[in-house]
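Just one chain is shown here, as structure tokens, and it is the form predicted alone.
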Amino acid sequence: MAIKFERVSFQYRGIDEKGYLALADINLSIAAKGEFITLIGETGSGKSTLAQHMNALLTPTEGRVHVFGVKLTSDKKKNRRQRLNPIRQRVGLVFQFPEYQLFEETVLKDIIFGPKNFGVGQDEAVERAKKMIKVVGLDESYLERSPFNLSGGEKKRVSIAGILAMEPEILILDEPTSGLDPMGRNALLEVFHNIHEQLGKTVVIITHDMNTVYEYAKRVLVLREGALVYDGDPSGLFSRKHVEDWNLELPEILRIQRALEERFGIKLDKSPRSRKELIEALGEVVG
């Protein structure tokens, strides 16, 4: 496994000795390829804290995190002696607010900053920038533009291109579709799907959007008060028990399915994951 958590807990220091327990006894494994994971939970449940352990921005208070063979523990001195930059190259993290990651005068300089910082030559870094700007759905004309004159959605794409240019094996995105309209959300999710399918990368998305969870994820992780309470497929997550116990909002496609079943007194054999699948399933039932 590329990333492995073994009984990991993390406590933020507070003004008193107790502090704040953000993660509690987490056991988790993530592969370097083939995974499309969504990480969900209420605000303050520990999602961002968990993600920052995945690329060694944070290290455990208790337990161990293994990231591509590097063991991280509560021993700060030992952690500092290890080479952590290669971890951050192999596990790329895109923060929720892209403007925090953009600081150069042109998009090109922003994208090549990371690769050059890891020893990639100028020419190779520029070639990566040209490739990755297209992967995120923009054209090369953006490379000479100022990142500060871009829209929110374009800034998100540029920040993602900058991480991809470092050629990480795992891409982690913190609330990447927040603030976007439905069309912008869907377009960006298709970018992530293509990154997963065409570039062969494991993608982990922190989100509150249940439509994203249901339509795109192969695996869902649910955090509640710092504990991992669910690790499984999206269909199992939206059982009536979990929806009621965890106060989950049903994805739009499931709401439509259940409304149609009640209205027409029918029962679909399986739960569709998209509108196309819903139409096909309805066609089978009504002949």
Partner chain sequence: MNMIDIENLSFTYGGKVEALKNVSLCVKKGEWVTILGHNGSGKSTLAKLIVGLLKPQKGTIRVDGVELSERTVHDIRKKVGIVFQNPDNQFVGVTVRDDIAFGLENLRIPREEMIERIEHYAKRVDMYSYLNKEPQALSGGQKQRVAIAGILAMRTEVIIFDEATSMLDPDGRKRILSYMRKLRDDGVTVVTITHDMREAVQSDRIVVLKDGEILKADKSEDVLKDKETLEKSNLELLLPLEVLHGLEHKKSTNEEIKEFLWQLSLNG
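Note that the rigid core is defined as the largest set of C-alphas that superpose within 1.5 Å between two forms. Positions refer to the first chain, counted from 1. Just so we're clear, the structure is a prediction, and the values are computed from it rather than from any experiment.
Another form exists, predicted together with its partner chain; not displayed. Remarks below refer to it.
>> Glu42, Ile266 and Arg275 - do all three of these have some heavy atom no more than 4.5 Å from its partner chain in the predicted complex?
In response: Yes.
>> So in the predicted complex, is its partner chain close enough to Glu62 to count as touching (4.5 Å, heavy atoms)?
In response: Because no heavy atom of Glu62 falls inside 4.5 Å of its partner chain in the predicted complex, the answer is no.
> With the partner left out of view, is Leu180 within 4.5 angstroms of its partner chain in the predicted complex by any non-hydrogen atom?
Replying inline: Leu180: contacts its partner chain in the predicted complex.
>> I'd like to know if Phe118 sits close to its partner chain in the predicted complex, meaning any non-hydrogen atom pair within 4.5 angstroms.
In response: Contact with its partner chain, no.
> Should Ile256 be counted as a contact of its partner chain in the predicted complex, where contact means heavy atoms within 4.5 Å?
Replying inline: The answer is yes: Ile256 has a heavy atom within 4.5 Å of its partner chain.
> Of the options Thr73, Thr106, Asn186, Asn85, which one has a non-hydrogen atom that comes within 4.5 Å of its partner chain in the predicted complex?
Replying inline: Filtering the options by heavy-atom distance leaves Asn186.
> Heavy atom within 4.5 Å of its partner chain in the predicted complex: which of Asp231, Glu252, Glu225, Asp245?
Replying inline: That would be Glu252.
> Quick one: which of 85-93, 124-132, 172-180, 110-118 gets within 4.5 Å of its partner chain in the predicted complex, going by heavy atoms?
Replying inline: That would be 172-180.
>> With both forms fitted on the core, check whether the Cα of Glu262 differs by 2 Å or more between this form and the one not shown.
In response: After core superposition, the C-alpha of Glu262 moves 2 Å or more between this form and the one not shown.
> Does Asp25 count as moved between this form and the one not shown, where moved means a C-alpha shift of 2 angstroms or more after fitting the rigid core?
Replying inline: After core superposition, the displacement of the Asp25 C-alpha between this form and the one not shown stays below 2 Å, so no.
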